[in-house]
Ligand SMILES: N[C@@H](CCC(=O)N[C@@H](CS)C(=O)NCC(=O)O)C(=O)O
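What follows is a single chain, given as structure tokens, in the form predicted alone.
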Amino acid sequence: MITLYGITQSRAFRPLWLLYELGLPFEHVKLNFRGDDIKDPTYRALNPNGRVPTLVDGDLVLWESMAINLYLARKYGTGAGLWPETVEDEGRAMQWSFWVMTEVEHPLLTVLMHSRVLPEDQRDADKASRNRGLLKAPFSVLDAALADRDYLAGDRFTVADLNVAAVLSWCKPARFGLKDYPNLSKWLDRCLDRPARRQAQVA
């Protein structure tokens, strides 16, 4: 039995979405990263970093949402079409998964925190504005990559699209408009319209 620790309102959303795409039976332990749950010694024995998500699959314990997703897609996703068919597209899946973490996640999360999540007296409008500016370059890169293709690694939706779209799903709550990136916007709408994404959102 697969067990996933973490709440939807965290990076656990990414493997939750993938698990629903895969249709695998799993236990979802809704461990809240904001409370004392992550300090529990039993959980720390699984993840000494005290963060979520953590995946347990038999004897395997994995941290880091992108590592979890690449593992799940590689092990269980071939038949479901979620793992790329060629070595070249495997490389693209890893490229885009690492890219979204290094180029997009931090500035987009900063915009979200300082425009919606933090109490108003803790928000920094300049910080939000500065990070909106930082996102123009990577969003332009992704928009250009999608100019002549519908998906990031092959001709169908794969873990590459899921990993990137899961991060970019923060655009809506951050009120980050994508009108200047039409290819990105259409692709993101297609990804987020998937039933498995909606299941994960309310898990």
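Heads up: residue numbers just count along the shown sequence, starting at 1. Every value quoted in this text rests on a predicted model; they were computed, and no experiment measured them.
In what follows, reference is made to the form predicted together with this ligand, a form of this protein that is not presented.
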{"item": "Contact residue in the predicted complex, chosen from 37, 64, 143, 150 - any heavy atom within 4.5 Å of this ligand", "value": "64"}
{"item": "One residue of 173, 58, 177, 50 in contact with this ligand, assessed in the predicted complex (non-hydrogen atom, 4.5 angstroms)", "value": "50"}
{"item": "Residue 113 within 4.5 Å of this ligand in the predicted complex, heavy atoms", "value": "no"}
{"item": "Exercise: residue 117 in contact with this ligand in the predicted complex, heavy atom 4.5 Å", "value": "no"}
{"item": "Partner proximity in the predicted complex: residue 33 to this ligand, non-hydrogen atom cutoff 4.5 Å", "value": "yes"}
{"item": "Distance check, residue 101 to this ligand in the predicted complex, heavy atom within 4.5 Å", "value": "yes"}
{"item": "Listed range touching this ligand, judged in the predicted complex by heavy atoms within 4.5 Å, from 150-158, 22-30, 134-142, 50-58", "value": "50-58"}
